[in-house]
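The chain below stands alone, shown as structure tokens; this is the form predicted on its own.
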Amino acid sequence: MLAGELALAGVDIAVIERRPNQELAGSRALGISSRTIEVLDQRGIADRFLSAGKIAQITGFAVTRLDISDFPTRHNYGLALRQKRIERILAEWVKELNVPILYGREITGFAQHDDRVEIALADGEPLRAEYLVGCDGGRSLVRKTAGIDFPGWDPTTSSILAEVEMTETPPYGVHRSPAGVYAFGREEYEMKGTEIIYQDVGPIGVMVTEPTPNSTSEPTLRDLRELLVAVCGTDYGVHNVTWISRFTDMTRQAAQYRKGRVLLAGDAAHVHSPIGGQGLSAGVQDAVNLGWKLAQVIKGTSPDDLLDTYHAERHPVGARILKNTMAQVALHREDDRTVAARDIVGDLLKMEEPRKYIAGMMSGLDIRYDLGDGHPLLGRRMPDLDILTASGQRRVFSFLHSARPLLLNFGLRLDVDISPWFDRVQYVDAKYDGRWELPVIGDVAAPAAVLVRPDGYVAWVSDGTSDRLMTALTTWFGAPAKRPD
């Protein structure tokens, strides 16, 4: 995703991929959130994912499903789609953008200098770049080599996850017992309302919680068999493992997302339990926050300190994910006191305001970056309105396909000259007669004008005047272009 963002901005970018090809083994992430679908829609590629996955109300907290079908967004749902297919679609997208993906290449180290990063590869070939971004997972070599601390909490629980064949048909779905949680499913299925009907095709996905945390050894088929017998009373004739792994609720976050010319995104910056399905979506949104900022700094449009806003904005979002996943793990325990607490939380989430608050958080639709006080839109996602422009009716997101900022004027009489930014900021006069509504918050006052960043977040809202517009343009998109003599 980051490569795509940088390519759209005209930056020379390469992806160094340790795997020999784009095919990802196993299940890992199983879908993406509402806000992440919006992010992909902002780039005009959401349909690629929607056509490959299954739309469903998959937002939830602990064991409680949360319906977001009443949220004001075109994508008031989640998308069930396995990570290996998500990665494949993204790889096809960046290939169209002429981004080289160097498969089968592995970083062994790097050295930072004042103007560059010298990168060493396992095959001995050196690479030189202006910046290096570690999107290399929870065990990130980039993070470790950069000397960035990774504080947090050790695991309290672990589970084995595998794709296997079975001679007997297991009970599909998620199950709970005093011994822990276990689940069975297949990649091919149909949705009938809220019910999942699995097809008898392909390997069976299985997940079983272990009785004690184990994060030091690689799991085996024997381990899986013993767990299944202990929890289910049978191993269902499990055999022919195509992929097996272990995940825990280890919870850690990088102390800084940037150190000089090295930055972190995704699991390299934050690891947590996969409960709630927020990890992949958070990584995609890290990339979209960082991409345009890094591009502007590389191209000399903005000063280097614009990159500091990446940590300032995304670190609090990551910290909140760590907090809510720890809470959900706690509510998944099966002792009587936890079950009682879980029941009370479930009752609260049936109420309108708690449902909206938690669903807004879990879907990512309530994210607000701290850009100061002002209109409720400031720092929040721009709604994808159907606006009337000189070229006819357009969706707001259609203006963001090129990852360029957008100044939408809904009738404000500008008393400042913004033409020096026209080489980098789109200016559109527009009309909109409908309600302005935000998830969780509800209706807000219609603004006279808004400045939208390439990541879809609002950087300035008119109070009826042009006050502070020039400051916002300079802060986010660089100093005004010099006029020719």
Ligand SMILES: Cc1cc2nc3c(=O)[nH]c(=O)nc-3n(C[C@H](O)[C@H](O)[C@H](O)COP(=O)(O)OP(=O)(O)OC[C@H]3O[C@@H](n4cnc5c(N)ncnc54)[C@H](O)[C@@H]3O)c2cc1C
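A residue's number is simply how far along the shown sequence it sits, counting from 1. Here the structure is a predicted model, which is why all the values come from computation and not from measurement.
As for the form predicted together with the named molecule, it is not shown, yet the points below apply to it.
The stretch in contact with the named molecule in the predicted complex, judged by heavy atoms within 4.5 Å, is 83-91, chosen from 83-91, 290-298, 226-234, 353-361. Although the partner is absent from the chain shown here, 17, 135 and 274 each have a heavy atom within 4.5 Å of the named molecule in the predicted complex.
Shown without its partner, this chain lists 106, 187, 210, 384 as candidates; in the predicted complex, only 106 has a non-hydrogen atom within 4.5 angstroms of the named molecule. Residue 279 is the only one of 205, 318, 405, 279 with a heavy atom lying within 4.5 Å of the named molecule in the predicted complex. Though the partner is left out of this view, residue 265 does reach within 4.5 Å of the named molecule in the predicted complex, counting heavy atoms only. Within 4.5 Å of some heavy atom of the named molecule in the predicted complex lies at least one heavy atom of residue 29. For residue 247, a non-hydrogen atom is located within 4.5 Å of the named molecule in the predicted complex, even though that partner is not displayed.
Among heavy atoms of residue 161, some come within 4.5 Å of the named molecule in the predicted complex.
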